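Have a look below at one chain only, the form predicted alone, in structure tokens format.
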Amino acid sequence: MHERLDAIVIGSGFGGAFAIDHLVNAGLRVALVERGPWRDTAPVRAAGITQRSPLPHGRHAFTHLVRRVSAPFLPARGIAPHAHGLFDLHLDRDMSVVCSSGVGGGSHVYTAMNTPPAVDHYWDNRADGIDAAAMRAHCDAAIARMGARVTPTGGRIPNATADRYANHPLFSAGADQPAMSYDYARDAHRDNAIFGCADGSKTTLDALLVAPAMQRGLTVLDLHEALAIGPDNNGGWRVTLRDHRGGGYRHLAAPRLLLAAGTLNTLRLLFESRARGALGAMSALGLGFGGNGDSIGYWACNEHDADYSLGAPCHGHFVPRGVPAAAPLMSVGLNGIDALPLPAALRRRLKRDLVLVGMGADEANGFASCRDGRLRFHYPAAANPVLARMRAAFADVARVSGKPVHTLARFPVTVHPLGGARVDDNPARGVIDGRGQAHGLPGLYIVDASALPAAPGSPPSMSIATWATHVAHGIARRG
């Protein structure tokens, strides 16, 4: 690219996509760098994107499932089964992380829940420049943009907890169901969850924000992986990229660089660039890491004639009846299992079981480190009471139902890693200020979950979108 850029955005998940939407609308010339490919879905085909990569469905189920695996016992950069794989797996003793790769980021694999923070006054007293009222307005606008709404009742949507547990003797759905960005008018209600959604019934960011921004001047470099960042000779920022499609390396430069590669990859990029002397001391890098209380259980309910693989990406919240102050759990079927090449008998059995998901505001009291290129997450599970509360919730379900709930209590896993480059006015506590700009590094911004000041206790998609909108509005306003 030889044309002058006003900004480079690395990553196209909820931080990157919402940031580029506002920056492009403000007339800035923006390049979006994404290490993964465009996914072959109906909305992407309709947008005229010709170079697409399949989701891990059918014969691609295993070849396109995993992009990279990293672990302490593997080489520092891990192993990379397929550059077009959908998932990255980071295995660690204290906290393992699962994240995704592709234009649209985590919106391909999320359960479509888009809700505000569950923590009251989440944005209050965080840093100068953050106005709680404005942040609420940004969040409301993001939820509206995603078209999120609560699953309609009346039995039309398969397995919705509000219907399934309306008069159930053991469980209750309760009145507070999550809003989801999902087309409930579709008839199939299958293959729309964690393995991607090919038919477009789940709202994803590539179709909603990225492709339309291209019509307004956005440049998208898919299958380009950012390897290093640092100041350039003109007072801006320079990014070194690896081209996974054409091969070789290239460089981009702009006065503004926005990191939105997701917590795992943004932290890796910051640590490695700091080690090369490009970012100064950045003493708070790694602090405030958490997993948003993510807890996963496998409920082997094995209900006769049930097919829990059907429905919206998430069936909704529920709690056991008669259990005081029970923590609500989310019910999720193995939606998408029909796209996997499994024996028919095994597939039928798995469709009769459910995945249970719990989350809440953990203390975000862990930290990330990186030595010799090896990223590690250190997380004191025992010092996070929300995890014990989630384990108790799984035990309540097992006891009330008489069916086992299997968990990985000794191996915490999160799909919502956050922090490590958090916002705080004090450079000893946070990496960025209330404008999203790195302390002492003009023009370098962070707009993904690594910037969040604390765990929101709910799916963080809209908290990330809120923060990215706030940062992008400030950049556009200052010019």
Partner chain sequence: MTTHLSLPPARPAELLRSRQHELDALFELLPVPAHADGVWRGTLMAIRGLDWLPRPVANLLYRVLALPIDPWRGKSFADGRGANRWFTLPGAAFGVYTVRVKDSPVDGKPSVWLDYNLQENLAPLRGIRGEARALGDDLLLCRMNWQGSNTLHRVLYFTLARHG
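Numbering follows the first chain given and starts at 1. Values in this document were obtained by computation on a predicted structure and should not be read as measured data.
Just so you know, the form predicted in complex with the partner chain exists too; it's not on screen, but the next bit is about it.
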Next on the checklist: Under a 4.5 angstroms heavy atom criterion, identify the one residue in A80, A137, V150, A275 near the partner chain in the predicted bound form.
Outcome noted: A275
Checklist entry - Which one, P231, G200, P255, P158, lies within 4.5 Å of the partner chain in the predicted bound form by heavy atoms? => result P231
Checklist entry - Just one of 345-353, 243-251, 316-324, 383-391 has heavy atoms within 4.5 Å of the partner chain in the predicted bound form; which? => result 243-251
Item to check | Contact test in the predicted bound form: F367 vs the partner chain, heavy atoms, 4.5 Å | outcome: yes
Item to check | Exercise: L74 in contact with the partner chain in the predicted bound form, heavy atom 4.5 Å | outcome: no
Item to check | Residue contact check: A141 to the partner chain in the predicted bound form, 4.5 Å heavy atom | outcome: no
Checklist entry - Though only this chain appears here, would H406 touch the partner chain in the predicted bound form if you measure heavy atom gaps against 4.5 Å? => result no
Next on the checklist: What I'd like checked is whether H60, A112 and R186 together line the partner chain in the predicted bound form, meaning each has a non-hydrogen atom within 4.5 Å of it.
Outcome noted: no
Next on the checklist: For a quick check, can you give me the residues of 435-461 that have a heavy atom within 4.5 Å of the partner chain in the predicted bound form?
Outcome noted: none
